[in-house]
Structure formats: structure tokens, C-alpha cells
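Only one chain comes next, encoded as C-alpha cells, the form predicted alone.
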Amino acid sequence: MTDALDTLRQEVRLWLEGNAPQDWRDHCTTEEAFVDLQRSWFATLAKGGYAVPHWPAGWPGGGRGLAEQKVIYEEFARADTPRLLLSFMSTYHAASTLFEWGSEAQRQYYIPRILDGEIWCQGFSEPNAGSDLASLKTRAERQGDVYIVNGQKLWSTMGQFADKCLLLVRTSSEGAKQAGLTYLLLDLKAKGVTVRPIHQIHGDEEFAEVFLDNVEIPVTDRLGKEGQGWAVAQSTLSSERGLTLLELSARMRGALWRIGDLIRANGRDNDSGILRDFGRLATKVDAACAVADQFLANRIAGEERVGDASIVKLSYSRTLRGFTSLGLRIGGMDTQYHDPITFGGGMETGNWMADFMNSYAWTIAGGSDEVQRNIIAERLLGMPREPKSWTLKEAVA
């Protein structure tokens, strides 16, 4: 830690003492309260210069290096501030894609609106095109100065609250599947757009599906050239790697006290088996933090390898499963009841049944555990690529 980073840490810590929301978990029991808190907290962070430290210099609060961003997000985790779930797609996916692929006119129009709190979602996945994104079928046909779009998108995080959507569509069926994709910016208030929240198993509605019926999108709202959408989408998907998982791992370590309290409250503090499992979990949580920390250090040093991010993702998702399942087991029958959830409360709220069910999302979101293992095996370990058309009978022969 350099003197400059130590000074920054003290500045952020002092600022949080005067500005971080207090007792916010107790109030986020309704969707309306969640949205109000998210908008208010983002505005406070923007005013304080901590909302978008990852943006380029020249934008308010931007121009921070990775080491500085790490300090800021570590302090957010330590102070247990609300995660910016509502504006996450806006400030990372949308902004980073606009900075890299947008025209000067597009950047000057959209970026200030994001800083003012405009909410974006992502329209990539479809009912039959999730892990195999290149198979998407939502169609866009150019007619003069507009594209006419028809189709359906699925798993659009926070889509029901969003104003705009990053939309990946098919404009050609010729050649490779990836070559026929185009990237558009969709106004969710446009005629022909229908957004429906998806009710999840633990009671939240974090995702939405988006239906597009002859929706007109101006050609001026295209990022990159027609047919270049796959390359633009890769920029979008790479925008969140690194710091997000470092912050989440730090938050999980900061929440270990919940299991400690649960052990005492249930009279299990003399149970050697429970204490052994708790000790193992604490070690795994520390290891997950160390893996995320090392990944970021390698990135700062320019030594990141293709596939390193998959190790971080896999480490976090497996540890989170262990964290929530231990809480559920120690809590006994009392944790089997379905308590009202804390909207936007993260993955370690102490509502153990909801936390446990929510933890499965991280084994799928951003690439399933199976996909991460394939990347690690093929890209890092140099193992042969997975056959595309194998059968179980052939595999065991």
C-alpha cells in the first residue's frame, strides 16, 4: 500500500462515515423502497465523486487507476453500503461500450444521462440463445433510416426499471452466426416494446423479459457497423470483470459474523463438527478473496491470462454456495420458513433460505460453472477442446 492509496482509503472511509445510508437493509422490504434507495445512493455517490471511478478522466469522478478503484470498493464492502444493482448495467456495460464503440455524438448524448441516473439493461439472451449467444433470432431489418425489430429477449437484469437497453439483433443469416449480428441502442419506452418482470424462486424480480413487436430503432442508434455486433458485445461482456468479484468476495468475508452469531444463537458453539465446518468455510472465503486480489494484481501488472477471470468466477460461486448452505444447515428448522426478502440485499443477508436459493444464480450468471471449467481446461491448461457432438455412450466406452 502506497502513501497515496492509504490517503485515499482514509478519505473514502471518512466520506462514507458522513454519507453512507444507515439501516438500509431494514427498509428495503418493498420494491419501491429498493428503487428509491438505489437512485438516492447513486446520486450521493455521483455528487461525492465515487459513482464511476472506472470511467475515463474528464468525467466527474473518473480517471481512477485499478489500484484506486480496488481501495474504493473495499471500503464500500467494509461499510456494508448498498450495491449499485440498479445502475450497474448503466455505469459498466453501457458506458464502457459507448466509450469504446460510440461516436462522439452518441457519447455526448448518452454518457451525461447515465451520470444523471438513467437506467440501462442488457438485451442479449433469448429463450434458445443464452450460453450459445450467437444463435439469437431477434430480427432487425433496415428500412431507410430505421431498423424494424421483432423478437424476444430474456434475463434482462433490472429490465423492468430500465429506460434504455443494449440490444443484440440478427441482421443477416449469411455466413458464420456471429457475422450476422448488429448492436443497437433501444429506447424501452418506444412503441411495440413490452417488458415483463420474471418472478424468481426466492421472491425477488431481478430479471425481466422484453418483447419487441415491429419496434423502430433509428440507424443513428447503432454501435459499430452493421454485422459487427459480436465484436461490440464482447466489449460489453468484458466490462465488469475483476473488481465486481473482488467487492463481492470482500462482502462475503465481512458477513462471516452472521454465521458466527447463528452458531451462538443455536447453542452450537461447543459442537466440534460445526466449528470445524465454520473454520473450513472461513478459510475458503479468505482464499476466494486472495484469488480475486491476485487476479487484480496481475491485471494491474499487465500479466492477466485468458481464462484467469474464470478461476475468480468459479472460486466465488462455489464458496458462496458453501457459505449459504452452512447458514441454512446451522439455522435448522427456523430457516426453512420463507421470510420476506431484502430487495437488493445481496447474497449474504441472513435470510438463509432466500440466500441459499439466490446463490445458485451465481453458478449460471455471466457463464455457468461448466462453461468456466471448459475455459480453464482449454485456455489455461491446454487440454483438448470439448467435442461438439459426443454421446454419453461414447464417453463411457
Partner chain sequence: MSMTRAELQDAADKAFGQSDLAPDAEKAWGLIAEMGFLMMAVPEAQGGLGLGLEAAGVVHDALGRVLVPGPAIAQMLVIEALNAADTLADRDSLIERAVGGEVMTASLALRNSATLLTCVPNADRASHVLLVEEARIALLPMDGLTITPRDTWDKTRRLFDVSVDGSTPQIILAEGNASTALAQRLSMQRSFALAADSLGGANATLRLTIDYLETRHQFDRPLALFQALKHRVADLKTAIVAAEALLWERASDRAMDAITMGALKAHACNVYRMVTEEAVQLHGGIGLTMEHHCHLFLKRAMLNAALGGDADHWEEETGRQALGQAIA
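The shown structure was predicted, so the numbers you read here are calculated from the model rather than taken from an experiment. Numbering follows the first chain given and starts at 1.
What follows is about the form predicted in complex with its partner chain, which we do not show.
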query: Its partner chain contact in the predicted complex: W257, any heavy atom under 4.5 Å; finding: yes
query: Non-hydrogen atom contact M383 with its partner chain in the predicted complex at 4.5 angstroms; finding: yes
query: Touches its partner chain in the predicted complex: I311 (any heavy atom, 4.5 Å); finding: yes
query: Contact test in the predicted complex: E370 vs its partner chain, heavy atoms, 4.5 Å; finding: yes
query: Segment assignment from 81-89, 192-200, 217-225, 265-273: heavy atom within 4.5 Å of its partner chain in the predicted complex; finding: 265-273
query: Answer option from Q108, Q294, S172, S238, heavy atom within 4.5 Å of its partner chain in the predicted complex; finding: Q294
query: Answer option from D261, E141, E100, D116, heavy atom within 4.5 Å of its partner chain in the predicted complex; finding: D261
query: Stretch 267-287: residues contacting its partner chain in the predicted complex, 4.5 Å heavy atom cut-off; finding: D269, N270, S272, L275, R276, F278, G279, R280, A282, T283, K284, D286, A287
